[in-house]
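Coming up is one lone chain in structure tokens, specifically the form predicted alone.
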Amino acid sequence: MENQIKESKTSTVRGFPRHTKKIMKGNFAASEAAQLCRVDFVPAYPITPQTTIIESIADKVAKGDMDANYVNMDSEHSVFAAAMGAALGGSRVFTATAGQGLFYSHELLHAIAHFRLPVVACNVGRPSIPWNIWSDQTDSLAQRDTGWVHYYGESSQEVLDTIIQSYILAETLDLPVMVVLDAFYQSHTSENIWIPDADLVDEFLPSKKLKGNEIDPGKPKDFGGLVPPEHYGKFNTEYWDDVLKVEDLSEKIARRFESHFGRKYSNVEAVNINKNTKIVLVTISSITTTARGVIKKYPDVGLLKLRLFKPFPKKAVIEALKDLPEDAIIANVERNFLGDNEGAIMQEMQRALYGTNYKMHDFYAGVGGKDVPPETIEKIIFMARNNPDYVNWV
């Protein structure tokens, strides 16, 4: 296990009441969130770059700091099978994975979603083939159609806070949630993190309530039986009804979180988007922070940060761009390649803005973990101003 002395260093700097300020890597922030949420079942299998999340949880359980059943499984497929079984039994479940581990779990991701199980998983984004362990969002974005809610964290603080919020969303709608952070840029980079006191989190996130449909040895039930066509549609329309509630409920939870913890979040964030904006950069995760700094030098360039990605927050995107002139250019910055012409951000933005006249272009940058420094963001801005191709590799 990595030395946690640095990660556990506390600060006496004043800030948020009933919090402790620590210097902590993103993976350890995720494990802190799992402990604060009083998760009681954690199936685990190591895979770079998420391994230190489950190692940290294993250490907490072994020391008695975390009251949870921690189980080493033989593969990521087994991890999500165990997560499904534990959730069917009524446990509050957490796990973490990355890359090939998430791909290997694909079948179970569908099952967990359509069994309506409120599992929360943390994915440390990395690509697949050619073999690569660095930052990329191909793994999570390839799972858009499995039925999981997807959040992307800009900072390790946001990852910790989003995991806490995710359990409210998951257990209200009986939907699984995936919280994604960038490999190494977040997972293995130390940041100042405000850790809320456990009782503060308890006030926000109560103990998991059983709903009566869990596994009960005293009242045997059958789970996962064959569903004929005349009933299959009913399951899907009920799922669809609840998916439609995600965008508004996510905002409601975020507002409640802000009033309780003092940190503000939303499904999307608009920066410098107004009637004078000529270019809007659309980003997710850690590239957003770099873009924030760059656009300060460009008064006609705005930024649209996507935090909730699946289901795509169409209403919030339209609201964020309501003052944008129709001759403005939308530049989607992609850290993923999904075997198609456009990246996932471009596809979702086109779908959300169908019927508008915005010029929209795609910019692949940072694929496979390549660094995206300020100079790359400036190059994207320059290319966007000067007759870019429909899709551009930067």
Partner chain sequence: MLEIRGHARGGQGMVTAFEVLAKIFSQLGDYEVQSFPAFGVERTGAPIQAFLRVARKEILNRSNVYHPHFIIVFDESLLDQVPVFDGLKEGGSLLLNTDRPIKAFKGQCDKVYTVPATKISLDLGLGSKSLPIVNAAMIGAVMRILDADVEIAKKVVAQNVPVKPEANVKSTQVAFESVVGLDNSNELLVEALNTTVEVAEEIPEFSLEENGHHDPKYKVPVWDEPMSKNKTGNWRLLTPSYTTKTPPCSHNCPAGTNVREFVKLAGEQQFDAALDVIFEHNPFPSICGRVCPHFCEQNCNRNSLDKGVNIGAIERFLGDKAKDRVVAEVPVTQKEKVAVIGSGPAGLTAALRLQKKGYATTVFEALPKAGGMMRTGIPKFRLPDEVLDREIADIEKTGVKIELNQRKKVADLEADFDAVITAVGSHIGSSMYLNNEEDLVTEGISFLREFKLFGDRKGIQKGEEVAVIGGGNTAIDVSRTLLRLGAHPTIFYRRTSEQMPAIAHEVEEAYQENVQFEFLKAPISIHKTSEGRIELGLINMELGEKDASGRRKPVKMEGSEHVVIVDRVVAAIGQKFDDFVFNGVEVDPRQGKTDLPSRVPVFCAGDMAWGGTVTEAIGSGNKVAEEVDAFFKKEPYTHEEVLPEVVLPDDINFAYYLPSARHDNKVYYPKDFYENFTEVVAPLKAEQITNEASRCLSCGDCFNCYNCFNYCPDAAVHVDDHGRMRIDYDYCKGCGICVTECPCSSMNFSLS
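Numbering follows the first chain given and starts at 1. Note that the structure is predicted; figures quoted are calculated from it, not measured.
Below, we turn to the form predicted together with its partner chain, even though it does not appear here.
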Query raised in the report: How about R116: is it within 4.5 Å of its partner chain in the predicted complex, going by heavy atoms?
Result: yes
Query raised in the report: So, in the predicted complex, is T237 in contact with its partner chain at a 4.5 angstroms heavy atom limit?
Result: yes
Report task. State yes or no: in the predicted complex, is some non-hydrogen atom of N213 no more than 4.5 angstroms from a non-hydrogen atom of its partner chain? Result -> yes
Query raised in the report: Might K297 be said to contact its partner chain in the predicted complex, defining contact as any heavy atom within 4.5 Å?
Result: no
Query raised in the report: If you check A198, V227, I129, I318 against its partner chain in the predicted complex, which one has a heavy atom within 4.5 Å?
Result: V227
Query raised in the report: Using a 4.5 Å cut on heavy atoms, which of K221, K264, K275, R256 is close to its partner chain in the predicted complex?
Result: K221
Query raised in the report: Counting only non-hydrogen atoms, which stretch in 173-181, 138-146, 121-129, 264-272 is within 4.5 Å of its partner chain in the predicted complex?
Result: 173-181
